[in-house]
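First, one chain by itself in structure tokens, the form predicted alone.
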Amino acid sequence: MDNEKHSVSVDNLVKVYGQKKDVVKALQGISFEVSKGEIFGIIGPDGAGKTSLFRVLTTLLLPDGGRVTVDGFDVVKDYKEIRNRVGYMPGRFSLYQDLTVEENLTFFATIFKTSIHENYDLIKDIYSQIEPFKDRRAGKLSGGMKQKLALSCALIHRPSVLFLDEPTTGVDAVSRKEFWEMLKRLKAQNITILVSTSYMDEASLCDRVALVQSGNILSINTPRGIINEFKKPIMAARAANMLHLLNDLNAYEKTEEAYPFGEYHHAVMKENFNEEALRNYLLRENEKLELKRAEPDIEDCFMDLMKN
């Protein structure tokens, strides 16, 4: 075993599906490292390669190129050691629907030769919220409760590294907020956490993030670091007819790109644009126009990196 300061090390990782003409490169030679006790986000849309990456990291898929270590152990040669050390919460709820909450948790504890009692202190903040329903079948739980049960099962053997593949997909906003508060508490116990998500707003909750698209890493930095690298002016606009407004923004000669952004459209402008000229242009055919400067966020940075 290599004594490294990194919990996860990925060097030129390639993952390919299919053969000959039907080959799909899910991961195209990506590299990154995750420090011990870090919350590291893999941020990208569906199909970016996030799940393939997590399945390689958790030894469920063999890499087709490169070298990957988790806690210093190689994912190919030392897969048994890695499986004893990591916790994995896949994107799709994969616990036993016909078993109760308590039966699921006991089952996973038994697999790792431990018990709920032995590691209860690690999961109590999470499990205590669903413990009143311990006799309910897992298939009858709400989305938020399923999420808490899956996380409890992934933690019951006290892993050193926790992999969470899109854990908040399909979960309500309150449960999403609670979930990230739980992750912060787990980090305080020196557990390294890798979490993938397509929700750009969750990037700001990580220590560092990797923005991924089509099996490539576009950027790795702290959330603030990525935003600080974005130097172009952005205008936020809305009007009575948002589709018409979007078309007008994209047609304007000083616009680099415009796209929907919540209640507004964001328009990335060329450096020499004139705000008053833009306003006058839009006012000609857009009623109830609201136009203002906007600060970039991770989504703006991601859109720009994808384009370039």
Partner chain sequence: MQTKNEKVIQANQLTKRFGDFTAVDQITFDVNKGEIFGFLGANGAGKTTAMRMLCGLSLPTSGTGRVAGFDVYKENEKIKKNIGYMSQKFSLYEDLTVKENIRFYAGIYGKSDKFIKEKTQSILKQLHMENEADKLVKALPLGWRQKLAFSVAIFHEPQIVFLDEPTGGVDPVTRREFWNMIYQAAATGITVFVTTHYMDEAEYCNRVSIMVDGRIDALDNPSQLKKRFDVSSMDEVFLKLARQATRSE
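All figures in this text were calculated on a predicted structure; none of them were measured in a lab. Numbering follows the first chain given and starts at 1. Basically, rigid core = biggest C-alpha set you can superpose within 1.5 Å across the two forms.
Another form, the form predicted together with its partner chain, is not on view; read the next lines as being about it.
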* Asked: Hey, in the model of the complex, does R85 get a heavy atom within 4.5 angstroms of its partner chain?
  -> no
* Asked: So in the model of the complex, does any heavy atom of A188 sit within 4.5 Å of its partner chain?
  -> no
* May I ask you to check whether P45 falls inside a 4.5 Å heavy atom distance of its partner chain in the model of the complex? => yes
* To do: Give a yes or no for Y281: in the model of the complex, does one of its heavy atoms lie within 4.5 Å of a heavy atom belonging to its partner chain?
  => no
* Answer option from S160, S204, S142, N216, heavy atom within 4.5 Å of its partner chain in the model of the complex -> S142
* Asked: Tell me which of 71-79, 220-228, 142-150, 108-116 has residues with heavy atoms within 4.5 angstroms of its partner chain in the model of the complex?
  -> 142-150
* Any residue of 269-308 with a heavy atom within 4.5 Å of its partner chain in the model of the complex counts; write them all down in order. => E299, F302, M303, M306
* Threshold 2 Å Cα movement between this form and the one not shown for A237, core superposed -> yes
* Superposing on the rigid core, is the CA of A267 displaced by 2 Å or more between this form and the one not shown? -> yes
* Asked: Can a Cα shift of no less than 2 Å be assigned to E290 between this form and the one not shown, given superposition on the rigid core?
  -> yes
